[in-house]
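Okay, so here's just one chain, in structure tokens, the form predicted alone.
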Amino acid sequence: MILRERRFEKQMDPRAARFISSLEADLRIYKETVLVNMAHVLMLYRCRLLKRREAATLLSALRKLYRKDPRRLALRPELEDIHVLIEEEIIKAAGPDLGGKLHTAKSRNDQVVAAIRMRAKRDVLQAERAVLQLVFSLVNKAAEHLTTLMPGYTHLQVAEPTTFAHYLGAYAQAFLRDAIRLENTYHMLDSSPMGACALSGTSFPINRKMVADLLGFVRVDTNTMDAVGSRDWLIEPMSALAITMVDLSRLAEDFILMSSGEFGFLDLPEELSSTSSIMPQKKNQVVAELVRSKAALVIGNLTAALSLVRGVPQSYNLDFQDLTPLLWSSVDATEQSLVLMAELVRKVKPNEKRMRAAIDRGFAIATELANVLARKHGVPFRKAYQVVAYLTRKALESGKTIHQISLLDLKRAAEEVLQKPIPISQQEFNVAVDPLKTVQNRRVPGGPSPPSMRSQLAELRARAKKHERFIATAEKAQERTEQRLLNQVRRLT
């Protein structure tokens, strides 16, 4: 094997070779690794470190590898990784003398970082797009339910009346922040390590900026040791993905809970549900359940990555090899979960009758009743709170619902607590105990009133479309860069 010749007399123990090999995980960066080698050879030629004929021969071999399915290559464990595999294939095609020049002025250390960052940039954009599709699903569904009442909860107890639109809008805001985090991660990844070599650069007169431009990186890493010896840039997308999955898991948990028989607030689509092997009445929310499970997986990947890096000394160590599969695992789990949850949101149907019953049963209008006493009759809010608290306790003790309490009940509670009557009118009382009127009066920016929600949803759409434009621009730039590199390779060969 090319990396053991003249250094070791003995071949590596096959068990050790299999243990340290990353070939299977590296298949994900096969194309990127070939592109990195193409850019590197072009740079060597332009810096007069390779003759034109030499560069053309190497690039012809790389073009063939670019078009080849990597699984058709001999993935022998003793080759260790995709970088050695590609170099060996080039040596086979170009001969040992010329093929041996491919690795001039570069190392696996800077090459692997470049390839991972190139692939991670693509994957981060795909994950961001999936987040935005969920945001649009939430916004569109919310627009259909501006006046669909539902109970808002704190401590999992009925708190105040709100709308299904307001509830969905809350998650849309959170997921839009996730999109921002992923986009910021993209910018962090957009830096070329090429030219850092093993850790201290090279004495060859290379042009690092040229390689960065050929590969579509906007800048060059400014410290060669940091370029190959750090992995915070890899943990950053894993962190953004983990936070996204935390938000997604909360939404999944809500849907599971609110679609249960005890709540009955939501009806989730059959095509995203399963049934029992023995209980024919069951409708199990298996997609949402597995989203919760995938969230644990992505959080675990992040925890493993942090634990792996925390004790590694400066510059490259093979420990880093185990980091990359964790990133790919997190990317795939997150994207799959986002796609399915977006579909779940598109097809969910709220049960207005059950949600309205929960509002009434939970005395969700209590806060607004206290607000009316304070706002219109000058009662200090804390005193108004005590009046309504007393009224609620008495109603619950007597088995009354929200519809059964009367203005007289409120006045008696006020006299008991305040030791004086309150001249509240029947109309004021009727408005205060009407959940829809309560929601309509919450006109503060970000509140659940229909005008407030229309404004909020319009803003969400506009911000999401801005992120979509960024993704489209970035992906087109990647496509143009790759095509430009291939064209330059083609012209030289």
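Keep in mind that what you see is a predicted model, and the values were worked out from it rather than measured. One-based numbering along the sequence shown.
We do not show the form predicted in complex with a small molecule, though everything after this point is about it.
- Contact check at 4.5 Å (heavy atoms) against the small molecule in the predicted bound form: all three of 83, 109 and 316 pass.
- Stretch 317-325 is the answer when you ask which of 238-246, 303-311, 317-325, 185-193 has residues with heavy atoms within 4.5 Å of the small molecule in the predicted bound form.
- Residue contact check for residue 481: none of its heavy atoms lie within 4.5 Å of the small molecule in the predicted bound form.
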